[in-house]
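Next up: just one chain, as structure tokens, the form predicted on its own.
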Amino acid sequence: MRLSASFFDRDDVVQIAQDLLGKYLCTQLESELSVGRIVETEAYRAPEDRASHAYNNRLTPRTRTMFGPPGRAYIYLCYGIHHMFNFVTGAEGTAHAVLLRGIEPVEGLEFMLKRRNLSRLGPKLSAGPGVACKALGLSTQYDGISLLESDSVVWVEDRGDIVSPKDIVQGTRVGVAYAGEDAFLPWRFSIRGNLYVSPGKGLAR
């Protein structure tokens, strides 16, 4: 079952980041279906979160998508190399987002391997936000695309997986040391023991 607008149209982006664990991100690009089980996420809450691109309601050509309707993809280029996929959440204008950090490959493995120029499965394929995005064939070309339309080439499915709260690992986000005290917010979530959780380390006091 595809996730509906009501899943994304909630104010608690931290809860949504946890609820996305165990859901399936799907792409149907040039007849190639690829599916990854979401195993790691990070929450970003505008306008008060200094780690958010939309901190203090910063509206730029890049962040414009974040201020749009919930249930869309916000995809940006990091360091001019890595494409990063985010789920836009909350009411239109709030600019909350959840970063995809890792997926477990499920379907279309041959397509994922080809995109990553790899010959076999393993964490290197999709454990990390940039490589997960590339494995699914996603890039800034799809920034702003709706995840909700029946004919969308990118969508999220609920296949009935239940991730118990005891199996959710909570920690600090990665690469946001510039955010001061907000860098220590425990808004990174992953499925305990999953091989496709990224190796990135958050901050510790």
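Counting begins at 1, following the sequence as shown. Given the structure is predicted, the values throughout are model-derived calculations rather than measurements.
The same protein also exists as the form predicted in complex with the DNA; that form is not shown, yet it is the one meant from here on.
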Proximity to the DNA in the predicted complex (heavy atom, within 4.5 Å), stretch among 163-171, 144-152, 52-60, 23-31: 52-60
Residue contact check: C78 to the DNA in the predicted complex, 4.5 Å heavy atom: yes
Contact label in the predicted complex: P69 to the DNA, heavy atom within 4.5 Å: no
Partner proximity in the predicted complex: V176 to the DNA, non-hydrogen atom cutoff 4.5 Å: yes
R116 within 4.5 Å of the DNA in the predicted complex, heavy atoms: yes
Heavy atom within 4.5 Å of the DNA in the predicted complex - qualifying residues of 89-107: L99, R101
